[in-house]
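So this first bit is one chain, no partners, the form predicted alone, shown in structure tokens.
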């Protein structure tokens, strides 16, 4: 069998996976899937490279992450391709100042990454748990951690700072940025899509999924981004609030007498599109709703994107291309249309038919600023990092 790379993204209630052919040109995908509903009604689903279903298996009710990972490994052992897995690459949200490149995982690395759990409490502990569980099941299989913060290591110090005493910056309170694997893929892919000259210029990428952020790049390097010390900052998201006056936290603590745990639940789980609409965190559901609150949530989402677009354009000193990616960015024509309409100040003219058809370029021929829709491939980036790291060793 050909060597293959397994990619895992361990979350709070799911384990997403993808398998890539390490001997094929460009690391072609072999299959993908997920274990969903961990802790409740767990279900293992897998699909081939042609999107055809390979397995749909109901797991033991209430199974935990360890049981879910064991079920995935046991099922994988029944597949011919699994015997060829030479390494596993993991998405790890936070590398902090410790890691700005992928790293092969050992106990020391895991212990260092544990110290970053408070900076990404929704993701980091689950990312690391997946690594630990797999290490017990397959102790001789190399595992590689790839970080969502690494791409933003090029941010200038000025863009990393907050208005706090300098000693806190030295203690790690600084802007890290996230969705780096997505932006890294864009930086490498865009020259072949929008042209080398435009890609080397001033580009803003809007990564709009359940998590939402924007990144301004010059010559394919991160110069400014919306997320900061944690993945709460910046734009409103599915359940996260985004940009927030820090005085609100003090008010919630002192006047409303909320605990830190209650505030964390509010900011991470009960805000954003879900909190504002009172209906759903899913943009598709809100777009189909006639409720005033749904409309207001969408309006706020679009307003904030436009506000950040203006601020980033000023920071970059101009703009040569705007790119949409991730779930909402790739699939929601209405949201893209509304953002582009608000951004007419940038010289954007939308090609309505192209936008509705989700073509690569959705701006009109006479648009001053070209606008693109480019699917992201974060899992592929992890597979490539993993393969390259092992090859270098």
Ligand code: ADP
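Positions refer to the first chain, counted from 1. Just so we're clear, the structure is a prediction, and the values are computed from it rather than from any experiment.
Here the subject shifts to the form predicted in complex with the named molecule, a form of this protein not shown in this document.
- With the partner removed from view, which of 40 to 48, 321 to 329, 343 to 351, 55 to 63 is the stretch that lies within 4.5 Å of the named molecule in the predicted bound form, judged by heavy atom distances? Stretch 321 to 329 is the one.
- Message: Is it the case in the predicted bound form that 16, 211 and 283 each bring at least one heavy atom within 4.5 Å of the named molecule?
- Response: Verified in the predicted bound form; spot residues all in contact, yes.
- Item | Single option in 279, 241, 71, 287 placed near the named molecule in the predicted bound form, where near means a heavy atom within 4.5 Å | Result of the distance check: 287.
- Item | Contacts with the named molecule in the predicted bound form, stretch 348 to 365 (heavy atom within 4.5 Å) | Read in sequence order, no residue approaches the named molecule (within 4.5 Å, in the predicted bound form).
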